[in-house]
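Have a look below at one chain only, the form predicted on its own, in structure tokens format.
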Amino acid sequence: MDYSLEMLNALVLIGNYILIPTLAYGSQLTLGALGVTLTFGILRFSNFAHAELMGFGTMITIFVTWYLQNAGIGIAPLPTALLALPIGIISTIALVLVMDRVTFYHYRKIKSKPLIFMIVSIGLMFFIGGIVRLLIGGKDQVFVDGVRFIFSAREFKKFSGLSEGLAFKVSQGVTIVVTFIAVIALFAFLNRTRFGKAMRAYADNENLALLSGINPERVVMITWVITAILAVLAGVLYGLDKSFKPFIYMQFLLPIFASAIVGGFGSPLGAIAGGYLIAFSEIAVTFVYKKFFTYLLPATWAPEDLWQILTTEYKFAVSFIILVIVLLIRPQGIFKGKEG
């Protein structure tokens, strides 16, 4: 047995089933966590409706995608959904601005406590989720088209001569690239633009910001606009990578909040670190390691069991466990966030 080849096969196996999925899923969690982090850091409440905003924006994107596909309009080899994405973003921005004016504006005016805002957001979560399921139904919707793989496992095997294949889907590549661009654009906006600096000042000290002439309602509006963009990007990219499941976005809320809190609630850098940490933990803990150790160990030591820590049914439980551990050991998160 050529042990070096077996080692390479083991590494490719880990890359195919852990590293690449972690990059894609972690990017989706990062976008979602950045959205809830901005809401908490600037508007000072936990927005539980964020995941359903992801679902709403994805639903609109799917409807427009289907229209474009029926009209024969596309951007192959990339998914047609990227063409429809701006309509989903604009629709979600309109929704959050109406949502803010109808509900949150009143409670801001009377200076309600953050708990009231959180309760209102829970009500909006069920309301928006109900609209999404009413319009598109509760079944899975597949809307991805174009070329499926940048390179497939079969192509990798042929190229490398290894028995293990490495596949890289177009949806994963699009997710990573879009997330990178979105994160760079967000940090450039927050650190280099007048509105971005006003948002940071408002988040650091609201009273001092008001004395400096910063318009709080404008800060709120810009925050909602950015939050809507991040929500739709996360929702559409997750839907392209997996499929659109109306109920999955409510479940998606747990790892999103876990990412934000583990990284440091209110810290954008923490949201990024938390997103990839939670993604890696969920995937690594539910991975079946039998084949991996079969490559590395002598044939007589090859494992007979699956060597899986938890089954995939407990994937979201991993987020909860990590969240509890971090809250007990380091409640401020990896990067010190804002206190509630």
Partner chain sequence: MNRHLMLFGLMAALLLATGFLQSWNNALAIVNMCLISAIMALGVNLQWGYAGLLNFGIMGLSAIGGLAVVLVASQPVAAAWHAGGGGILLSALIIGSTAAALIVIKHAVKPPRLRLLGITVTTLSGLFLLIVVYFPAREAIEAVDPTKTGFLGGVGLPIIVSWLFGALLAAGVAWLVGKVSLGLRSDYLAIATLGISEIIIAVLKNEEWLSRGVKNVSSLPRPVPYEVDLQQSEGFIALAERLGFGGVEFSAIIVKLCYAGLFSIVLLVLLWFAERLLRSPWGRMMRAIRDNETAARAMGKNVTARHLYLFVIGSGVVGMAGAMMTTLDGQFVPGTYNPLRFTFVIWVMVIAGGSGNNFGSILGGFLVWFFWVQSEPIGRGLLELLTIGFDEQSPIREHLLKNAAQARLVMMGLTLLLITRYAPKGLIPEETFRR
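Just so we're clear, the structure is a prediction, and the values are computed from it rather than from any experiment. Numbering follows the first chain given and starts at 1. For the two forms, the rigid core is made up of the largest set of C-alpha atoms that agree within 1.5 Å on superposition.
Keep in mind that the form predicted in complex with the partner chain is missing from the display, and what follows is about it.
- For the three marked residues, 178, 188 and 335, no heavy atom of any sits within 4.5 Å of the partner chain in the predicted bound form.
- Only one of 232, 199, 96, 261 lies close to the partner chain in the predicted bound form, with a heavy atom inside 4.5 Å, and it is 261.
- Only one of 90, 122, 162, 75 lies close to the partner chain in the predicted bound form, with a heavy atom inside 4.5 Å, and it is 122.
- The partner is not drawn, yet in the predicted bound form one stretch among 162 to 170, 235 to 243, 101 to 109, 179 to 187 has residues with heavy atoms inside 4.5 Å of the partner chain: 101 to 109.
- Using a 4.5 angstroms limit between non-hydrogen atoms, residue 48 touches the partner chain in the predicted bound form.
- By the criterion of a heavy atom within 4.5 Å, residue 323 is counted among the residues contacting the partner chain in the predicted bound form.
- Contact annotation for residue 134: at least one heavy atom lies within 4.5 Å of the partner chain in the predicted bound form.
- In the predicted bound form, the partner chain stays beyond 4.5 Å of every heavy atom belonging to residue 307.
- Positional change of residue 69 between the shown form and the other one stays under 2 Å at the C-alpha, relative to the superposed core.
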